[in-house]
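We begin with a single chain expressed as structure tokens, specifically the form predicted alone.
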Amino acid sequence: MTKRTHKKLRLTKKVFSFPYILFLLLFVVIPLVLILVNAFLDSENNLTLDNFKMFFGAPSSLIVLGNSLLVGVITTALCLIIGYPVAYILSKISSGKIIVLLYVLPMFINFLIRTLATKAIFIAMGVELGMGTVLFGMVYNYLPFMIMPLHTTLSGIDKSYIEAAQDLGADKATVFLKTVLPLSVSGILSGITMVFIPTISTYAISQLLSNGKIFLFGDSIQLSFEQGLYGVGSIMSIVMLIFVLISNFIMNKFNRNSNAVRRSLW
């Protein structure tokens, strides 16, 4: 009898997963179900498809979506162009981890405060707010999310591969293109995912750094819910979720290919 009681009271790994499951249920699954249900309800909670007509029938909504995707692609490209050389250099020096920490420290400050501070700097310098300042704010906010996975991946590359390539007579450019770059593809894909997905769904940055001139998809979702258009806002949220899932699917597919390239190098 004592042994049975002891077995019932014994903590297992499954027990520690219950709080996480409860958290996912309350703050992920239920909100997603509510969004899906609201997409098919009108203001009087009657089933309707008018919300879909309002969204897909309005050219302005599709234009805002296209602009958001364009800003996301440009921001991701700029973060990769800037972040890869920085991560590569930092992976070569002993104090690289400390410098990476300095890049991450601003992330502990709320992004709205950072954006307002950036706006104040632009105004003090007399810079006209517009698309250029919005892209700067996007890159400023999301560049650390590109540098971190790249630095981790580049720092973890086995130096023996580079030494072997050099022993075979490869110059620095060939070593980088044939060895370092293929082995860092997983970090590149992680950085792209961590930058592109939040960029296309972000809000407030475009409004603050353009004085309301530029309106992105995240801002449209926020405005729809503020105006009580829960059905339209839910559809826009679903559309954004679909783009997130598609992005993850594409990145995972490329990641599998990069792992195959890595195995071939081994």
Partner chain sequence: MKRKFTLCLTAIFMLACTLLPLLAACDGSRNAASGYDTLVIYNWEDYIDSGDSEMGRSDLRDEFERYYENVTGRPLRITYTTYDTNETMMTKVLKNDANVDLICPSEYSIEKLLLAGLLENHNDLMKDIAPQLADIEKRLDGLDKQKLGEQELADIEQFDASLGGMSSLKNNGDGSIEPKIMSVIRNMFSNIEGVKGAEGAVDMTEYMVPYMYGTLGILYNTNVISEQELENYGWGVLWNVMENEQLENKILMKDSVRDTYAAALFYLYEYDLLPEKYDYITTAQELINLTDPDILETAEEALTSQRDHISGYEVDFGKDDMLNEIVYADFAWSGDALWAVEESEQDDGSFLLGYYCPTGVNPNTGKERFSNIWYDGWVIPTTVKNKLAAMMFIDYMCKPQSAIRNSVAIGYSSAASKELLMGDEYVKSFLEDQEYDFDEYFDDIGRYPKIDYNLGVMRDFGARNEDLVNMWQRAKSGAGVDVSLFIIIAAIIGAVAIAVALYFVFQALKCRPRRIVSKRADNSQK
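Residue numbers count along the first chain shown, from 1. So that the term is clear: the rigid core is the largest set of C-alpha atoms that superpose within 1.5 Å between two forms. Keep in mind that this is a model prediction, so the values were computed, not measured.
Not pictured, yet referred to below: the form predicted together with its partner chain.
- Relative to its partner chain in the model of the complex, residues V86, I188 and S201 are all farther than 4.5 Å at every heavy atom.
- Using a 4.5 angstroms limit between non-hydrogen atoms, A117 is distant from its partner chain in the model of the complex.
- Although the partner is absent here, N110 sits far enough away that none of its heavy atoms falls within 4.5 Å of its partner chain in the model of the complex.
- Its partner chain in the model of the complex is approached by L229, whose closest heavy atom lies within 4.5 angstroms of it.
- The closest non-hydrogen atom of N211 lies within 4.5 Å of its partner chain in the model of the complex.
- Checking I74, I157, L90, M194 against its partner chain in the model of the complex, a heavy atom within 4.5 Å turns up for just one residue: I74.
- When its partner chain is considered in the model of the complex, only one residue from V28, L70, L49, V37 comes within 4.5 Å through any heavy atom, namely L70.
- Only one listed stretch (180 to 188, 159 to 167, 94 to 102, 141 to 149) carries heavy atoms within 4.5 Å of its partner chain in the model of the complex, and that stretch is 159 to 167.
- Contact annotation for 47 to 64: residues with any non-hydrogen atom within 4.5 angstroms of its partner chain in the model of the complex are M54, S60, I63, V64, listed in sequence order.
- Superposition of the core reveals a Cα shift of less than 2 Å for I246 between the shown form and the other one.
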